[in-house]
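Quick heads-up: it's one chain on its own, the form predicted on its own, in structure tokens.
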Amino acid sequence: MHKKRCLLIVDIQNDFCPGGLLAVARGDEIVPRINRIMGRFDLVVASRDMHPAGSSHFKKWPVHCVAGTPGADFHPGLDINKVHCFIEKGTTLEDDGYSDFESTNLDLAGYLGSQAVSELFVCGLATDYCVQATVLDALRHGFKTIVLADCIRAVDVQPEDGARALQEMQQHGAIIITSEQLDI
């Protein structure tokens, strides 16, 4: 079976972009770059938080990405027509929904395995939360995992949280490149 490269787009949603309820500074700036690179992959998967109203997750964070609200929608600039598979996470009252590999509507590890994915390229929001959790889980599942550093943005609750998250991902085995290095 042909080995495939997959682009995993994490949480490019209205509430995580400028103007949203839990906005990541300059989070929308990565959207055009992600759109440009989608065609370089055999498979494109996109995740999004889909929290129920009253989620326990909102004890830690402001209310955001509530199912059925415009904030939970993908950023309007993201070309979702090129996405092959969608993942919803954080869908129960108890689930935080950080990683694309846990408590989702799809067994992502099983799906990627069934699609013969050999390399998983990760981009999206936010570096120091959902991207980091997803990358660390991908590595635990045995995927060769590459983080596209110019296609992510951090919350940086504390200064340099994003840089520390990247360092931890790399220490666990993730490869860090930019989108310009894709074909090298």
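Each residue number is its position in the shown sequence, starting from 1. Bear in mind the structure is a predicted one, so any value in this text is a computation, not a measurement.
The discussion below concerns the form predicted in complex with a small molecule, not included here.
None of 35 to 43, 66 to 74, 139 to 147, 124 to 132 except one has non-hydrogen atoms within 4.5 angstroms of the small molecule in the predicted complex; the exception is 124 to 132. In the predicted complex, the small molecule lies farther than 4.5 Å from every heavy atom of Met169. Although the partner is absent here, Asp11 is a contact residue: one of its heavy atoms lies within 4.5 angstroms of the small molecule in the predicted complex. Contact annotation for Leu22: at least one heavy atom lies within 4.5 Å of the small molecule in the predicted complex.
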